[in-house]
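To begin, one chain is listed below as C-alpha cells, in the form predicted on its own.
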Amino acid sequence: MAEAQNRPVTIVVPFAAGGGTDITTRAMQQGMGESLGVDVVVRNAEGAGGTIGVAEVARARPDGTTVAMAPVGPLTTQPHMNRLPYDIDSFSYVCLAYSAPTVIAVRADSPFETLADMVEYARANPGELNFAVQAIGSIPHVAGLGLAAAAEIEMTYLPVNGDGPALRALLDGSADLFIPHVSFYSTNADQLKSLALLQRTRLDEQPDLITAAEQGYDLDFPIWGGLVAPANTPSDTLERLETACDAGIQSDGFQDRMEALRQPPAYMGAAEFEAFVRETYATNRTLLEAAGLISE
C-alpha cells in the first residue's frame, strides 16, 4: 500500500456542508494536508442521521485514503437503535478531533434558578416537564435520559429539528428545557439560562457555568467527533494519520476557528480515543436499553 501514501486523502463528513462537524473538519484540512504531504479533500455524504457516510467508510479499502469524521451519534447510539452495516469494530481509530460540552438550558425568565429547582419540580410533577430534543437517540436525548436516571425524574420528550427549533419551542412555551452544545448556548445567552454544564469540570472559557457534578450529578455528555479509518488499516498508516490529525488541530487556522466558536480544544490520540469510544458506546447502550430503545 505504499502508493496510497502519495494519493489524496478524503475525509467523509456524514452531515451537510455548513454544520458544526463540517466546519470543524474543514478547519483541520490544511494542517493535515501539510503534515501528510498530499491533498486532503472533504466530501459531504449526509443522510440517515450520519450513518450513510460512516457506513461508506466502513466499507472502504483500509489504505488510509478514505477516513470519516465520525460523530458520537453514528458511532455510539445509532448502532444500538438500528440495524446498520457497521459497528464500533468496523473501524480503526485515529483521533478525537473536537468535543463540545453541552448545557441544560432553560428560558432566561424560567422560574428554575438551579438544577435542584428543576429536579424538585419534576419529582413533584412527573412527566410535566417538556424537554425538546433534536431526535430520539441524539446525544441531547441520551443526556436527558442520563439526567432522568440520575435524578429519578420523568420528563416528556418533544422532538424538534435542531437547536434552533428547540430554542423557539422554549421561547414560545412549548418546551421547558433543552440541551444545546455550549457554543449555541453562548450565542443565545441573552435568551437562555444554564442550570448545569454537562461535564465534570468547569470551562476555562466560561468559568461561570456551574457543572452538574458540582450539584451532585455525575453527568458528562459532550457532542464530539473524531477521525476513523476502515478496520485493519495498517499501523504505520494509522500513525501517519494520527500525526496529521494532531497537526491539523494544532494549526493556527483550526485554533482560531475554535476560539471564534468559543469551543474548548480537544484531542485524543488513537489508543485513548478508541477506549473513549468503547466506554461511551457501553454507557449509551445502558441508557437506551433502560428506555426501551434497543434494536436487537
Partner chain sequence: MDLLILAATQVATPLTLLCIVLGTAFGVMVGVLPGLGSVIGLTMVLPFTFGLPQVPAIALMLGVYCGSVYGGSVTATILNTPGTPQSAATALEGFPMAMRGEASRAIGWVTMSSMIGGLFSVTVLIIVGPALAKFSLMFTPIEYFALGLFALTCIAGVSAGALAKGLMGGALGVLLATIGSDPVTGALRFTFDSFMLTAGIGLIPVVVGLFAFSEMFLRILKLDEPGMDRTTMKVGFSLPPWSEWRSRIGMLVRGSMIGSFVGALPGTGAATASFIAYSEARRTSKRRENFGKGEPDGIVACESANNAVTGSALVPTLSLGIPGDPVTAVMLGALVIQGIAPGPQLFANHMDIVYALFMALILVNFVMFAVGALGASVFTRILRVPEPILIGLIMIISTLGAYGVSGSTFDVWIAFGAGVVGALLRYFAFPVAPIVIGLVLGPMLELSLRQGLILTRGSFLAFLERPIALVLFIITALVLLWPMLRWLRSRRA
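From a predicted model like this one, the values you see are computed outputs, not experimental measurements. Numbering follows the first chain given and starts at 1.
Not on display, but discussed next: the form predicted in complex with its partner chain.
Contact with its partner chain in the predicted complex, judged as any non-hydrogen atom within 4.5 angstroms, is confined among 195-203, 97-105, 78-86, 112-120 to 78-86. Contact annotation for Ala212: none of its heavy atoms lies within 4.5 Å of its partner chain in the predicted complex. A residue is said to contact a partner when one of its heavy atoms sits within 4.5 Å of a partner heavy atom; Ala151 fails this definition for its partner chain in the predicted complex, lying far away. Among residues of the shown chain, Ser90 is not one whose heavy atoms approach its partner chain to within 4.5 Å in the predicted complex.
Proximity of Leu167 to its partner chain in the predicted complex falls within the 4.5 Å heavy atom cutoff. None of Asn44, Ser35, Ser251, Thr237 but one reaches within 4.5 angstroms of its partner chain in the predicted complex through a heavy atom, and that residue is Asn44. Counting a residue when any of its non-hydrogen atoms is within 4.5 Å of its partner chain in the predicted complex, the hits in 115-154 run Gly127, Glu128, Asn130, Ile136.
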